[in-house]
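To begin, one chain is listed below as structure tokens, in the form predicted alone.
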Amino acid sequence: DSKLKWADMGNVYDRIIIGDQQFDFVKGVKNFKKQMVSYFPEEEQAIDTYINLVFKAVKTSKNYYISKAISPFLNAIIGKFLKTPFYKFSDKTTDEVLRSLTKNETLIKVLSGQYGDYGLPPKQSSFSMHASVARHYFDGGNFPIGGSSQIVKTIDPVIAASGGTILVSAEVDEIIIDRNTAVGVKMKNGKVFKAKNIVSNAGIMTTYNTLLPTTTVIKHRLKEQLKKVKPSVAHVSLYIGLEGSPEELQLPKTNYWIYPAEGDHDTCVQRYLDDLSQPFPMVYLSFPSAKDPDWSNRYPGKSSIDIITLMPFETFQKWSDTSWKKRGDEYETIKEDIAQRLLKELYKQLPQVEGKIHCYELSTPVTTKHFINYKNGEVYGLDHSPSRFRQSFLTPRTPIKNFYLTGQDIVTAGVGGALFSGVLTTMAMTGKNVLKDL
């Protein structure tokens, strides 16, 4: 109902930093192209073709996703027509597409410099996923005024007005199935909620592995489906509180993506996975206090910075069954080592903040598991590989009557993908084209 307000992040939404070089992504397609050509004057044709391919790939996605919501009968008739154009892009990796346009390794590294937004480096990620992110940011970046909590605060009354409610600290123990029909959910405290339709936004891995009754999973061979997909990457995130306002500390609104000078993205990731003491393959810096025009009204004289990098779940797996904030000295020592490495990356880019940090806390993959309930602490649900987009079971409908899936696993990662999945699930449940009302 238009209560959620967004603040523009400015002309430069992302800065790609490779070694000592930096490349700005500026909003507006013409501006983006002009800026890229200024960095790579010999590659104008490649850059122009790349932009055109991004738009073409995104254009094919609408029909592909609609095919997930229409009835099985209709899908049998027109599904191939709706999906085939999309597959021409989704079947190719980001690296394949970029290398068909240019041999310039730096340009390839720059154009794929947002891969952290979906968690897979270019030789593994589907170009359709890459194109979705790139196209989204061509219009620039925006930040919710008042912080991300405003998303929940403003949608809560809308849900309530329609007869719904949001429960917190309310963990589901099991989905209740009666004669292959979903009829309700049983909570951890034993309380049962009954409903005509049951929708899971917990992710397909969690839903099939832990929430559905074992007999139902076996009956429909749902574990066989899960063998065809992989969980996405895990991460660590350093949350920093600083003394001084964003203006005093000269914090930018722009997101920073920092990469090693040597090696393509995939090589850097593999080198790091083989030896975690090697340079981080990617470091992401975000400055939420600088992006939010209401921040200083709430927290005068204070600032915040977030730093994210990739981290294998296995690094912290031995603590996966321990309690939050009670994981022991060894765990805290490893966290502190990683935090200090990330702070060094921050000081390289913003030396003025050194000595201004008041507090910091590092979350790990087991933190993600604790709060999000993803088994391996994955941050984006399923990997966005080419094969992921070929899986016919990643749809709202399931073999169980009145039981549906929604969320990023049936569309793509990110707020936009998750929101659109709600539209698709509603279409599948009601049989109505709610898209025409949006």
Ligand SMILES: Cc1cc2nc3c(=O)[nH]c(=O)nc-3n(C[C@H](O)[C@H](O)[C@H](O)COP(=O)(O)OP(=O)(O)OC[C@H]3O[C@@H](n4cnc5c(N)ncnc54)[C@H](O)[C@@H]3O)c2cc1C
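No experiment lies behind these values; they were computed from the predicted model shown. One rule holds for the numbers: they count along the sequence shown, beginning at 1.
Beyond the structure shown, there is the form predicted in complex with the named molecule, which is absent from this document and is the topic of what follows.
In the model of the complex, the named molecule sits within 4.5 Å of a heavy atom belonging to A418.
Using a 4.5 Å cutoff between non-hydrogen atoms, H235 counts as a contact of the named molecule in the model of the complex. Of the heavy atoms in A413, some are within 4.5 Å of the named molecule in the model of the complex.
In the model of the complex, at least one heavy atom of N373 sits within 4.5 Å of a heavy atom of the named molecule. Relative to the named molecule in the model of the complex, residues A170, A202 and T206 are all within 4.5 Å by at least one heavy atom. Proximity to the named molecule in the model of the complex, taken as heavy atoms within 4.5 Å, picks out 373-381 from the listed stretches 27-35, 52-60, 373-381, 65-73. A heavy atom within 4.5 Å of the named molecule in the model of the complex is found for one listed residue only; from A339, I108, L226, L211, this is L211. With the partner omitted here, the residue from L222, L362, I308, L350 that has a non-hydrogen atom within 4.5 angstroms of the named molecule in the model of the complex is I308.
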